[in-house]
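Single chain ahead, written as structure tokens, the form predicted on its own.
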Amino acid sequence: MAINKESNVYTVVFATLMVVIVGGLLAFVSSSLKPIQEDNVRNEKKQLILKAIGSEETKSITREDAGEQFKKYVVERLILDYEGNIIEGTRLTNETPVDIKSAKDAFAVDLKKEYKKFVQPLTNKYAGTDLVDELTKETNIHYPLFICEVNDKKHYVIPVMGKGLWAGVWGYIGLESDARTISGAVFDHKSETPGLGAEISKDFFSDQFIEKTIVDESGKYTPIKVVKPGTGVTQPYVDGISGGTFTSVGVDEMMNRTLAVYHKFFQREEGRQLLTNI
């Protein structure tokens, strides 16, 4: 029997088959590419961590090479709680392969999810000592720390996460072996305004943090302020982005809220041991 190609039934059947076939092909391609995409995301994260060290040796590592170089330079990774204690079972060396599905692996901590679920509601509601009190109560916030070695010199890389004008902003801060002097910094964003807030990802902004200290002469934690260009303050500061006030404020907030936790760690016995074993 001849098929009536001009009938409505034929048109519907043909369109349905095409949707099924094309949809199936797209799903197959997507599933086939997913492992590659996930590898690229992981390697980019490793690249940013290595760049934040601030060494000329690690700043030039490409995303393609970062996967292999990560275990060479990142000799230890661990997770802290808000009080700067090492969470039990999370201290891993470079001999332990990265496991993105393990809650005990610092590399697997999804700061974006943790920030949106546990931290952002608090920063929207509390400030000052009230915010500190609320953060202290929250046991589900994790603080990864990457201990690195370049030419037998220790560096400590700290992830930071906050909010800009439109969405999340984040970065990695590298500390020298003294755990007080910034050796490198990288920042990125999801959807800040090009030419304004998006400029935080540029070297001219992040390089301002290098050699700034987060501890004063008395050993007290001292936040680094991100201020309007040309504004002087009585503590370490960098110039914010012109026209990107909300993004600059976001960088200021996420750095100073987060670095205070790591300062507490380096005041504890296990942190001090790292500093004495430079």
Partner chain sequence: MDLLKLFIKAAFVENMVFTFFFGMCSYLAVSKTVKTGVGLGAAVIFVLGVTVPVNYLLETYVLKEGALVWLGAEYAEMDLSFLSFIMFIAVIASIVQLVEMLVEKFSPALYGALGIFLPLIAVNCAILGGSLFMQERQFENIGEASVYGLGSGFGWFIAIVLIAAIREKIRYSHVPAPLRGVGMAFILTGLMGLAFLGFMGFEL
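What you see is a predicted model, and the numbers here were worked out from it, not measured in a lab. Numbering follows the first chain given and starts at 1.
Heads up, the form predicted in complex with the partner chain isn't pictured, but that's what we're talking about next.
Verify the contact flag for residue 165: yes if a non-hydrogen atom of it lies within 4.5 Å of a non-hydrogen atom of the partner chain in the predicted bound form, no if not. Yes, contact at 4.5 Å.
Can residue 137 be called a contact residue for the partner chain in the predicted bound form at 4.5 Å between heavy atoms? Contact with the partner chain, no.
Against the partner chain in the predicted bound form, would residue 120 count as a contact residue? Criterion: heavy atoms within 4.5 Å. Output for residue 120 is yes: heavy atoms within 4.5 Å of the partner chain.
Does the 4.5 Å heavy atom contact test between residue 221 and the partner chain in the predicted bound form come out positive? Looking in the predicted bound form, residue contacts with the partner chain do not include residue 221, since no heavy atom lies within 4.5 Å.
Residues in which of 66-74, 53-61, 244-252, 209-217 have heavy atoms within 4.5 Å of the partner chain in the predicted bound form? Partner-contacting stretch among the options: 244-252.
Using a 4.5 Å heavy atom cut-off, are 26, 113 and 116 all in contact with the partner chain in the predicted bound form? Yes, all three are in contact.
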